[in-house]
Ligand code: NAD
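Okay, so here's just one chain, in structure tokens, the form predicted on its own.
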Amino acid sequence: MDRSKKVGFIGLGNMGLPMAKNLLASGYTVYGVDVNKNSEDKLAEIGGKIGFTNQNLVKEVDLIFTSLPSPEIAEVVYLGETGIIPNSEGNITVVDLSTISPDVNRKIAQAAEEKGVQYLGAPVSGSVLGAENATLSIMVGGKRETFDATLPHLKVLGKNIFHVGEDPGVGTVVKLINNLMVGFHNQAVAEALTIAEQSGVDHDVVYDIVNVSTGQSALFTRNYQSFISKNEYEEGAFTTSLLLKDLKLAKGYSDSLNARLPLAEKLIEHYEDAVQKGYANQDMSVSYAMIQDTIKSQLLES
């Protein structure tokens, strides 16, 4: 088989599996690896190859994508004893699509360079729907020639693809900026609609007006149409816990630059409270319902 048509994909979760499916649909043979064997089985059902480990996957393909939930897991997958880089003989390209941290991107890139492995830090934005429809934004940091060579594959996964710079962590810097703003907008929607609720103003009216005014945002449309108006948060594509993780990563990186983020600090406290109160695995838009629940509790106590 032509090795240029063989692709490895580690991490077949909510984002990874639909991206792997799009690669399959575009004619690539996809070798999938996930700790959840049910996810691997789903890939196999549509023609993917499974039964591999991180350790032996590097012997099968020249290009590996990863989509992982945390910086800690990324370090294990890339740098652990059974990880990609220690077990590589070089001459492969690895592209991390996760939202981790710029420093972890750089740490992985340094280890990769020592083994002759090409590495790109390429976090994505656009949620599960964007992954399914291949409309993701992809922010890539790393060597330009590696980016150019990988671009045909990236175009299968996303619509808006940017080479941000040669620094392997710079794409993640931009992703954290984006998700910091997501956090602000998410809370703004929750608090704005709370004012409407307490004032007896119809939410649909507020939405219609703000949607054509200066307060409009993609998060308002997303949160209101898909979640708040339906009062359904369980099937959210981006959970409160994931948003909290990204806000903490943004703050941590800002701290390393000696730049204080006062609103982000308060927002992190708020979402830590939300997680402790049981909203962790619901869509982040549940922040609105959390405020309503608090108001109801206060009224009962009074």
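Note that residue numbering begins at 1 and tracks the sequence as displayed. Source: prediction; values computed, not measured.
The discussion below concerns the form predicted in complex with nicotinamide-adenine-dinucleotide (NAD), not included here.
This chain is displayed alone, yet in the model of the complex one of Ala250, Val58, Val30, Val33 has a heavy atom within 4.5 Å of nicotinamide-adenine-dinucleotide (NAD); that residue is Val33. With the partner omitted from this view, the residue of Ile228, Ile84, Val124, Ile108 that lies near nicotinamide-adenine-dinucleotide (NAD) in the model of the complex is Val124 [heavy atom within 4.5 Å]. Contact with nicotinamide-adenine-dinucleotide (NAD) in the model of the complex, defined as any heavy atom within 4.5 Å, is confined among 257-265, 271-279, 63-71, 22-30 to 63-71. Although the partner is absent here, Met15 sits close enough that one of its heavy atoms falls within 4.5 Å of nicotinamide-adenine-dinucleotide (NAD) in the model of the complex. None of the heavy atoms of Phe52 is located within 4.5 Å of nicotinamide-adenine-dinucleotide (NAD) in the model of the complex. Taking the partner from elsewhere, Asn186 is found to have every heavy atom lying beyond 4.5 Å of nicotinamide-adenine-dinucleotide (NAD) in the model of the complex. In the model of the complex, nicotinamide-adenine-dinucleotide (NAD) sits beyond 4.5 Å of every heavy atom of Val95. Using a 4.5 Å heavy atom cutoff, Gly11, Val128 and Lys245 all lie near nicotinamide-adenine-dinucleotide (NAD) in the model of the complex.
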